[in-house]
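One chain is shown next in structure tokens, namely the form predicted on its own.
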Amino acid sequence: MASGAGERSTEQIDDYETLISTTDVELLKGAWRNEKAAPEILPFEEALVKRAKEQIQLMEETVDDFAESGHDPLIASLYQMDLDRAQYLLRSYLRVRLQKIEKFMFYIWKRDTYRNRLSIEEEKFTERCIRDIGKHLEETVLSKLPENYQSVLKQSVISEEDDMVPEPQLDTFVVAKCEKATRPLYLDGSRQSAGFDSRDDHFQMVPGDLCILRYRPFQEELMSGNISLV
């Protein structure tokens, strides 16, 4: 009986060490950094988050098993530190995304490009926030204003655009690190053309480069994984 329990414990530890040796935690750290530094909401890392949750569950089971079986407290504490780090990264990643949704909810909801970047849970959260905020403003403020000024999205009915909706500032500056060589790109965001060599405003990064640059021209490079944000 004891031998069987020991074998299960050994198998569990082997499974744990196999998972902890993968790069998922580092990938999650990179996703969190990118999300935190980018001015817009990025595509949800669904597969990575799912693997991270599974890994955290296995970590918790391993730590509990160590505590029950009387393993060296120092080793157990090291496993607990790994667990705490993974939980912190996952929570931070999800929290940053929720903060962006709360700030840009109306802008995100009206554009399919951004809505498609949300997880199912985030999409439900966005819809609920818009409904609750609209209802709250209607009951406390808008209903008391003249009819021409009762819109949540526009300053007045004569406004042609939603001028009350915050938008991500894509021309903000970010610190980027090159992971893979980027294609030649003009600083205005256009791609290489036949007259590329005749212009002096082009820019190309090679692995290891660390640069301060405008976000918009290098948006696609971030999405493709050629650069990461610091």
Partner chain sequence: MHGRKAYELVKELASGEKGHPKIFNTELFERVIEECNEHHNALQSLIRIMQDEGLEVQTARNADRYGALIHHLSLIRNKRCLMAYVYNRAEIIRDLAWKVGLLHELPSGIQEKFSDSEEQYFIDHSKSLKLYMSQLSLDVNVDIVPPKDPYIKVRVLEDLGSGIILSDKSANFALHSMHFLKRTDAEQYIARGLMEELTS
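Numbering follows the first chain given and starts at 1. Computed from a predicted structure; not experimentally measured.
There is another form of this protein, the form predicted together with its partner chain, and it is not shown here; the text below is about that form.
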Subject >> 50, 54 and 216 all contacting its partner chain in the model of the complex, non-hydrogen atom within 4.5 Å >> reply: no
Subject >> Option touching its partner chain, based on a heavy atom within 4.5 Å in the model of the complex, out of 154, 110, 71, 117 >> reply: 154
**OP:** Find out whether any non-hydrogen atom of residue 163 is located within 4.5 angstroms of its partner chain in the model of the complex, and reply yes or no.
**Re:** yes
**OP:** With heavy atoms only and a cut-off of 4.5 Å, decide whether residue 141 touches its partner chain in the model of the complex.
**Re:** yes
Original post:
Closest heavy atom of residue 158 to its partner chain in the model of the complex, within 4.5 Å or not?
Top reply: yes
Original post:
Is residue 75 close to its partner chain in the model of the complex, meaning a heavy atom pair under 4.5 Å apart or at it?
Top reply: no
Original post:
From first to last in sequence, which residues of 122-140 have any non-hydrogen atom within 4.5 angstroms of its partner chain in the model of the complex?
Top reply: 122, 124, 125, 128, 129, 132, 133, 135, 136, 137, 139, 140
